[in-house]
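Shown next as structure tokens: one chain only, the form predicted on its own.
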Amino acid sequence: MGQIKVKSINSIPLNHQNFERFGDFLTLEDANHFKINGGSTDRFHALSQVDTSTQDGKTIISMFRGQAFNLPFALKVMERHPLGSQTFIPLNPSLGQRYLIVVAPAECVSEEDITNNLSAFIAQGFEGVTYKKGVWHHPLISLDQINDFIVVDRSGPGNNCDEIPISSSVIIDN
């Protein structure tokens, strides 16, 4: 009988440097900001750019509600959006509201290639991300409790969602 091989990936805190190859890290810390509306509002300007124009795509805004998962988490599928970037902005900024980000570079072409190049990040409820066009990522993984997100992405002609099932055993942990 063959042995089942389990690959374990430890997640790390999210920051600009460790996420930049996959997209933009959205946070107010050290962001370009200035006062507007007569000084009553701080505008945190241009935290990310959304790229959706390929094949006449249009930028849309949706809300997602992510059901709660716990760590360790078994990876089942990875997806990518080849025609547009995708931004996730949590609406639950309370301390302790976390979500898991699992990504692989856009140039990966197979399940084995993806699982050999995975990175996992723990994001807080006040941090967002924009996945670059084509970056492989797991669908939304809210941790510990249900979380709501504003999602900015592409709508339009063409196939903008590729999926690869993960048949090998890959576990994401703290």
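Position 1 is the first residue in the sequence shown; the rest follow in order. Because the structure is a prediction, the values reported are computed rather than measured.
Beyond the structure shown, there is the form predicted in complex with another copy of the chain, which is absent from this document and is the topic of what follows.
- Residue 122 falls outside the set of residues with a heavy atom inside 4.5 Å of another copy of the chain in the predicted bound form.
- Using a 4.5 angstroms limit between non-hydrogen atoms, residue 12 is distant from another copy of the chain in the predicted bound form.
- Taking the partner from the other structure, another copy of the chain in the predicted bound form has no heavy atom within 4.5 Å of any heavy atom of residue 145.
- Using a 4.5 angstroms limit between non-hydrogen atoms, residue 90 touches another copy of the chain in the predicted bound form.
- In the predicted bound form, another copy of the chain lies within 4.5 angstroms of at least one heavy atom of each of the following residues of 47 to 73: 47, 48, 49, 50, 59, 60, 61, 62, 63, 64, 65, 66, 67, 69, in sequence order.
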